[in-house]
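Next up is one chain by itself, shown in structure tokens, the form predicted on its own.
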């Protein structure tokens, strides 16, 4: 086989999956979201079904995830009022971890977050919370003033500064929150596709040299899968901590 005849180079089309049910908008991504939600609910219910003073492994893991979200994300970033936001931050953190890790699980092998729609929904939910707590704390006008007007700045530069602050705090925050998660998971999946499909394509040539290069490609695929696991955890942490930062900024008294 000539390499030019290989019919499956990775492309953006690999992220637009076909419907699993004819006539219904149910794709592999949709199914994975349902699986993630069900798995998280079942895990926490079973872990806390019969809590013990000396925790079981499941209880310890559930407490560790929630405790990390509550203490190292919510409390450290939001401050004294973090307790009421900790459940949302913990749920968000857990959900993003699970959906990210789907990208390296056999037969799933793609994260729903590699499709912009899913990070966008998560970012919108966090944005709604951010705006809601800000308006509730400061009032509508007060919240807009806090997000757009920098105190102590000469008034002559307000015509330039106010639009920049408005774009940064009210438009750019949810946009970058979604794009950051999407871009990392998209790139990671595409890299895994390149090495994996490249390895199989080189094996199929029948050429001994290409076969050896294909072996190297598959080794890199394994290495990048391990690396992708670390990225999955890191991006979940970044998404959760930025959400906590935005919420903390919204309820803070100063600019």
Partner chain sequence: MSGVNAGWAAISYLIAGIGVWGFIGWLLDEWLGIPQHFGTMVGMIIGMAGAVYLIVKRMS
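Numbering follows the first chain given and starts at 1. Everything numeric here is computed off the predicted structure, so don't read it as measured data.
Form predicted together with its partner chain: not shown, discussed below.
Between 134-142, 165-173, 118-126, 104-112, the stretch whose residues reach within 4.5 angstroms of its partner chain in the predicted bound form through a non-hydrogen atom is 165-173. By the criterion of a heavy atom within 4.5 Å, residue 83 is excluded from the residues contacting its partner chain in the predicted bound form. Its partner chain in the predicted bound form comes within 4.5 Å of no heavy atom belonging to residue 231. Residue contact check for residue 161: one or more of its heavy atoms lie within 4.5 Å of its partner chain in the predicted bound form. In the predicted bound form, residue 75 stays away from its partner chain, with no heavy atom inside 4.5 Å. Residues from 174-190 that approach its partner chain in the predicted bound form with a non-hydrogen atom within 4.5 Å are limited to 180.
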